[in-house]
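The chain below stands alone, shown as C-alpha cells; this is the form predicted alone.
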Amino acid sequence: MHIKVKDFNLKHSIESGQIFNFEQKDEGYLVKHSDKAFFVKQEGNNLFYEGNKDFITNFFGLNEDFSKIQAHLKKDPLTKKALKKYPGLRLLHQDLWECLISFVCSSASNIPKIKKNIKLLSENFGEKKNGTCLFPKPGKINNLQTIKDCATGFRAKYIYEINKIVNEDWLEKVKKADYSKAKEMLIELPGVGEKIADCVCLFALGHHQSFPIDVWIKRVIEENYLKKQSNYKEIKEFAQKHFNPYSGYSQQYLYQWRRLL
C-alpha cells in the first residue's frame, strides 16, 4: 500500500533524533513504535507502508498544513537555510510512554547509545510479536538490575521509578493538559528536567510552542542570534518570542542543521 505525499522526506524525518527504535532495511525503515512494527519506504512522492493508513498518516504528520509551517520557517534566514537543506522534515506524532522513556535515556547520551538502550529494554521487557520485540508497556519495566543491564547507566533508577508512577490514567491526564500543565506534570517525574519535558511535549503531545534546548540548540542560538553565552531561561524566552507560533518546528530544523554541519 502507498500514500501520495507532498513536501515530505522520510529519511530526514526518521533520522532527525526524534525516534530511536528503527533500523534501515531494504532501502526503507523497519520502525518499531509502541505496540506496532511496520516497514516504510519512500520513492519520490509515494510512501509505501505496511499497516494502518490512518496511523501512518498521523505518525508522520502528513495531515498537517505543512505549507503554513514552511511559510513560517522561511521568515527566518537560518531556518529558511535549514529548510532548504532538509526539505520535508516533519515532526512525528509519537506514543507518549515510549517517547518519555526514550528521552530519559537521551540524558547526557548520543543517538547510537539511545538506540541501544531502547532495543535492549524492548528485548528484556517488551512483548514479542511476529518475531519482533515491541517496546514494553507502562508498568513492565520493573526490574532495576535488568534495566541497568540494558546499558542505561545512571538513568536506570529514573526509568525504574517512572515505571512505578506512570499508568494509563496518568498518561491520559497529560494528554488532555495544555502545554504548561503537561510540562509541569512531566518535570515532577524523577530524572525529567526542562529539556526532556519539552521534547516529550513536542514529539508526543504536539505542543508546537515547545522548544527543547540541548547542546546543539544552545550553540546555534548563542552563535547566530544572541551572540553571547546564555542560560536556559534566556534562550527559551528568545525562542518562544522569535519563532512563535511554530517554535518546535524551528527547533527541529535548527537542531538538524547544526548537528550535521
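Owing to the predicted nature of the structure, the values given are computational and were not obtained by experimental measurement. Numbers follow the displayed sequence, beginning with 1.
Only in words, not in the display: the form predicted in complex with the DNA, which the text now covers.
With the partner omitted from this view, the residue of 138, 191, 88, 126 that lies near the DNA in the model of the complex is 191 [heavy atom within 4.5 Å].
Only one of 225, 66, 216, 38 lies close to the DNA in the model of the complex, with a heavy atom inside 4.5 Å, and it is 216. None of 69-77, 111-119, 167-175, 128-136 except one has non-hydrogen atoms within 4.5 angstroms of the DNA in the model of the complex; the exception is 111-119.
Interface membership of residue 195, defined by any non-hydrogen atom within 4.5 Å of the DNA in the model of the complex, is confirmed. Although the partner is absent here, residue 160 is not a contact residue: none of its heavy atoms lies within 4.5 angstroms of the DNA in the model of the complex.
At a distance threshold of 4.5 angstroms between non-hydrogen atoms, residue 251 is in contact with the DNA in the model of the complex. Contact annotation for residue 97: none of its heavy atoms lies within 4.5 Å of the DNA in the model of the complex. For the stretch 1-33, the set of residues having any non-hydrogen atom within 4.5 angstroms of the DNA in the model of the complex comprises 16, 17, 18, in sequence order.
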